[in-house]
Ligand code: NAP
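Given next, in structure tokens, is a single chain: the form predicted on its own.
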Amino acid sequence: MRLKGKVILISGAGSGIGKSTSLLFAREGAIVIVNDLDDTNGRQTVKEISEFDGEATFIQADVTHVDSVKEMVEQIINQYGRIDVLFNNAGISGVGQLHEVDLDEWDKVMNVNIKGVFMLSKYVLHYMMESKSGSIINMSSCIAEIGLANRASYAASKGAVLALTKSMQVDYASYNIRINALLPGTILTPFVESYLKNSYDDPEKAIEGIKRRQLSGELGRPVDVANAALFLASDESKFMMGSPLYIDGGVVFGKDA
């Protein structure tokens, strides 16, 4: 019960990493606020948590819309009185070289991946500052550290998340608020599976290519990232501040001979 009694808000919690993290956090004793734009998926996550008597609430909200974010945060505060941990997990992919990227697509990726982190953090931080405690986990990516073909918008957004994480930590350390970032490699989620199907003529061949660039020789699983998020959400990581945590199968720092 490493998170016993902690009130934790997780965005993008209806599927993939967000769902896996929600289930794990609930098993570890957290009160999980499941946020997602997809009502069906979000409620399914809550249902699965209730099946093992975990505590969870679903709130449908768009992390890019200020009124939606403010209403969600206020609802949580009114019901529970605090938010101990915020996991900024919601995100979308962007594909294409810079000269190919449509302007609307660029804005969409930036809105969800970086503005969403800004918006949720902005309105949660006020209450964490009052209580002089809290942990914020931002979802970056190992792509923030490496070059990868055809990912201009996605790489830019995740690089921005990492830079924002470090700057936030400097500003809020005096309030006893920790802000850290997760940098996963390629994780086999429904999101990634859909991307591979839509982007490659032979998705299986694409998966094999991705495996070869990771020293592990395998794709990561949502629970791999959830376990890292658990560490950052728990008091066990109390001396980690402004840090990137890599869960990438050896992409960034390894190279097979």
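The first residue of the sequence shown is number 1, and the count goes up from there. This one's a predicted model, so the numbers in the text were calculated from it and none came from an experiment.
Keep in mind that the form predicted together with this ligand is missing from the display, and what follows is about it.
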Report yes if any heavy atom of Q44 sits within 4.5 Å of a heavy atom of this ligand in the predicted bound form; otherwise report no.
no
Can T64 be called a contact residue for this ligand in the predicted bound form at 4.5 Å between heavy atoms?
yes
How about G134 - does it come within 4.5 Å of this ligand in the predicted bound form, if we only consider non-hydrogen atoms?
no
Though only this chain appears here, would P190 touch this ligand in the predicted bound form if you measure heavy atom gaps against 4.5 Å?
yes
Heavy atoms within 4.5 Å of this ligand in the predicted bound form: which stretch in 46-54, 200-208, 226-234, 33-41 meets that?
33-41
Check for me: heavy atom within 4.5 Å of this ligand in the predicted bound form, for each of G159, N180 and P244, yes or no.
no
With this ligand left out of view, which of I92, M110, L164, V95 would have a heavy atom within 4.5 Å of it in the predicted bound form?
I92
Any residue of 1-36 with a heavy atom within 4.5 Å of this ligand in the predicted bound form counts; write them all down in order.
G12, G14, S15, G16, I17, G18, N35, D36
